[in-house]
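This document opens with one chain alone, in structure tokens, the form predicted alone.
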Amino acid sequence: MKQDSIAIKVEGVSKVYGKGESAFLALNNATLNILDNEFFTLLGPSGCGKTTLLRIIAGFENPTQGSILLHGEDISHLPPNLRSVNTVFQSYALFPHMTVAENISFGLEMLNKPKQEIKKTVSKMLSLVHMEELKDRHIDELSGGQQQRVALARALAPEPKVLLLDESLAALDYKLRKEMQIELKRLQHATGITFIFVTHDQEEALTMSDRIAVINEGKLLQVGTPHEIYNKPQDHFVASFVGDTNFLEISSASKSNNNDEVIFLNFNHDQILKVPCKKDMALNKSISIAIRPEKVSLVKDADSALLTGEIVDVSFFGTDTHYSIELDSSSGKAQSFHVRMQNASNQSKQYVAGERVGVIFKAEDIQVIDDSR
């Protein structure tokens, strides 16, 4: 993926709706760089501020403070039609009285492009989205997936520098949504245009993105590759929102005298794991560790395990089995722990509800979370 320059630079952008006591901070000092030819996703729950940021980039909203730069040019207060940015909405906003080809050509006609150029571009877009044979159909004669392709073709026809997609797969059924995820990635690679995609679906973000920005309550929490977001979450919310995660509060931890980027965690039977942590991690603050269920294994020998407990539920999913464990606790406070083990063969060990087991995992699979953030 070629990434020689920054397509969109978001600099200290905030957005406040309303005034006085009714004022609502929808976006709080967001700063990030989105690169050329990148599939970039804004991920977060409903009402987190991701669509607000997308609308500010598109020009449908003005920032209360901060700026938006497109290839170095400040476009913060330009109207949408003067930005080289197009948007595909969740509703698609297609014209039902027009054919597929007419929908694609509409924006080009509004830009007063020559007729021959419009014809050539429409033909190119129809080929790009594999809809040459449907060019004369009206929109109400198309399936949801086909309408999605028309909306994409219409948005791509003017060759914008950036394409914005606002929850554009949400209206599709599961199978069609999976197909369109592949289609969007193909289109992004084929055109070389920067895509900025908004979704609340974690799996969708991990599957499609070059990088992801996780947003919650108007704050940009972490930006990284899907691998970084999933395996190295920097925040409790990120760890819990993206995928399934076990959290354990740490009551016994110490730092190395020689390396302040390492923390020692004490488990059952005084077993100690050495885990990387941030330099500024303070042990007098609230600290927990996050462990993904698929990074954990069960053993019968509880004496050699890091944690022990009793299986309270077993769910068979074909490819893997999910176990819910109630961990032993000296405080008497029950804590559940989830384990996901692959059924790799007929000889794969199966455990049953009510069985006592040990829980083991590796130091490199632990992520230390500073809960004071």
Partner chain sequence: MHINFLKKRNRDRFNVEYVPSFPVLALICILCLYAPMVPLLFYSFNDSTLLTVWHGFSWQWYEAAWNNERVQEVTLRSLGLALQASVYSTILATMAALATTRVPKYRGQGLIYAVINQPIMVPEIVTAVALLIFFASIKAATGYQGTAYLVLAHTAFCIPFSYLPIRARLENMNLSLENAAADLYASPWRTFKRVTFPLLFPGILAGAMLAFVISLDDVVITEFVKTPGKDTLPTYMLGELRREVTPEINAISSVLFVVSILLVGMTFLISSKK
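Superpose the two forms; the largest set of C-alphas matching within 1.5 Å is the rigid core. The structure presented is a predicted model; accordingly, all values stated were derived computationally and were not measured. Numbering follows the first chain given and starts at 1.
FYI, the form predicted in complex with the partner chain isn't displayed, but the following is about it.
Here is the short version: of 116, 143, 271, 81, the single residue with a heavy atom within 4.5 Å of the partner chain in the predicted bound form is 81. Contact with the partner chain in the predicted bound form, judged by any heavy atom within 4.5 Å, is made by just one of 247, 89, 267, 264: 89.
Taking non-hydrogen atoms only, residue 107 approaches the partner chain to within 4.5 angstroms in the predicted bound form. Mapping the unseen interface onto this chain, residue 77 falls outside it, with no heavy atom inside 4.5 Å of the partner chain in the predicted bound form. Remark: residue 220 does not count among the residues lining the partner chain in the predicted bound form, judged by a heavy atom distance of 4.5 Å or less.
The partner chain is not shown here, but in the predicted bound form it comes within 4.5 Å of a heavy atom of residue 60.
In short, of 91-99, 126-134, 221-229, 180-188 it is 91-99 that has heavy atoms within 4.5 Å of the partner chain in the predicted bound form.
The rigid-core alignment places the CA of residue 229 less than 2 Å apart between the shown form and the other one.
Once both forms are fitted on their rigid core, the CA atom of residue 215 lies less than 2 Å apart between the shown form and the other one. Relative to the superposed core, residue 111 shifts its CA atom by 2 Å or more between the shown form and the other one.
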